[in-house]
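One chain is shown next in structure tokens, namely the form predicted alone.
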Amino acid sequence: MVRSFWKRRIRNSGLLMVALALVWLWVRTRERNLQPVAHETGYIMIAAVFFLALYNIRKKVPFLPLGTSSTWLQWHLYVGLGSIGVFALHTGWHWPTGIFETSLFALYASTMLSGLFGLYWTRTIPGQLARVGDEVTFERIPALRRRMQWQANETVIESVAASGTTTLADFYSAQMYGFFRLPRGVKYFLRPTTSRRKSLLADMQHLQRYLSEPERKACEKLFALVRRKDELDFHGARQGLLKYWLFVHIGLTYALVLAASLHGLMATAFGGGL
């Protein structure tokens, strides 16, 4: 399977390079003959953008015999990469001028960058999730978090009732309640780490020498809950990144379709190049 994967990647990359080389030769030939190429390369760009937008529509109608989703994904990836070269030929490697052209360039660059980031994330995040905790669906995570918070609260309350002391409860209120109750924040969402988990576990390990026997038993339960909560937060952050990235990428793609269409209509109406 690995050999087949690399064979397919080499084949598709080769076809992409050949296609771009042919387009480049065609453009250079027309330029040497003093023939305009802005319209033609612009039409190719618009066609590529429309084709890229079709992938999301294809995923919404999987029952139609239009080819497999994996095949569409491969075309989506390589047409998207190829459009970068066509875009460079279309603009002549010049920085855009004017508000509309600059906005169109920024929109295209944002769409391509979000696609490249998404390509990386969709290739790496599934493996990360498989190595951390049990598999859990994104929709179940909020309910599981609330359940863990309730379990942690009950564990501490029971320890107070059994021991008559509040050493563990005081520590939980000051250091751990927010960990179970509050979201981890944007920084953790973008780059989740185990630093908070390690800090809590180290503090709990140090605290154990001052605890009564019932509190030590409760502390062991909290150890397990902290680990599980941290794993759940990791799944939430990574799965959420994939979901929110897709939402942003699709939104940018449709905005690019509209902006590119408007650009083409304006260029055609005023007799200029696309």
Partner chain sequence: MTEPGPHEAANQYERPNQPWVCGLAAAGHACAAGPTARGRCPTLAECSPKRDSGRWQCNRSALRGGPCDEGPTPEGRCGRVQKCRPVRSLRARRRLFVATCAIAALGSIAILLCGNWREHALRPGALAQQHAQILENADGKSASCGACHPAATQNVTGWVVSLVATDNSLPTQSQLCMNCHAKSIAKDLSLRAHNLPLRTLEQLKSGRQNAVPAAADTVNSQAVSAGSVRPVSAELSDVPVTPSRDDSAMYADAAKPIACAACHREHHGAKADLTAIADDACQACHQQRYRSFSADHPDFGTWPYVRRSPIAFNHASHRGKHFVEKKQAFDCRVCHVTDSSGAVARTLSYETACASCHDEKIATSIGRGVAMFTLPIMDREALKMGGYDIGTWPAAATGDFDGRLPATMKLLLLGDPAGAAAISKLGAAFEFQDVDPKNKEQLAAAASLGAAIRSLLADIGSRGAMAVRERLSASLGRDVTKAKAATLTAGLSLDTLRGAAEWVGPTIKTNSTTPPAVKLAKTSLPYGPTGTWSRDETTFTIRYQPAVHADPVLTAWIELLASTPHLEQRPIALAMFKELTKLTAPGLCATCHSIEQTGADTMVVNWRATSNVQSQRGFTKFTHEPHLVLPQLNDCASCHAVEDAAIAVTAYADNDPRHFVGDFKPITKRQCAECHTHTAAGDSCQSCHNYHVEAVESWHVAAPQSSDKQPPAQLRISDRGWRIGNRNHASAGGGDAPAR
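Residue numbers count along the first chain shown, from 1. Values in this document were obtained by computation on a predicted structure and should not be read as measured data.
One more form of this protein should be noted, the form predicted in complex with its partner chain, which is absent from this view; the next part is about it.
> Where, among 193-201, 162-170, 134-142, 81-89, do residues come within 4.5 Å of its partner chain in the predicted bound form by heavy atom distance?
So the stretch in question is 134-142.
> Gly251 versus its partner chain, in the predicted bound form: is there a non-hydrogen atom within 4.5 Å?
Close contact exists here: in the predicted bound form, Gly251 approaches its partner chain to within 4.5 Å, heavy atoms only.
> Residue-level contact is defined here as any heavy atom of the residue lying within 4.5 Å of its partner chain in the predicted bound form; does Lys187 satisfy this criterion?
So Lys187 does not count as contacting its partner chain.
> Report yes if any heavy atom of His206 sits within 4.5 Å of a heavy atom of its partner chain in the predicted bound form; otherwise report no.
No, His206 sits far enough from its partner chain in the predicted bound form that none of its heavy atoms falls within 4.5 Å.
> Does any part of Gly178 reach within 4.5 Å of its partner chain in the predicted bound form? Heavy atoms only, please.
Output for Gly178 is no: heavy atoms all beyond 4.5 Å of its partner chain.
> Even though its partner chain is not shown here, does it sit in the predicted bound form so that Arg28, Gln149 and Leu258 each have a heavy atom within 4.5 Å?
Per the other structure, all of Arg28, Gln149 and Leu258 touch its partner chain.
> Just to be sure I understand the contacts: of Leu246, Ile46, Ala53, Ala237, which is the one whose heavy atoms reach within 4.5 angstroms of its partner chain in the predicted bound form?
Residue within 4.5 Å of the partner: Leu246.
> What residues, if any, in 153-178 have a non-hydrogen atom within 4.5 angstroms of its partner chain in the predicted bound form?
Just Asn153.
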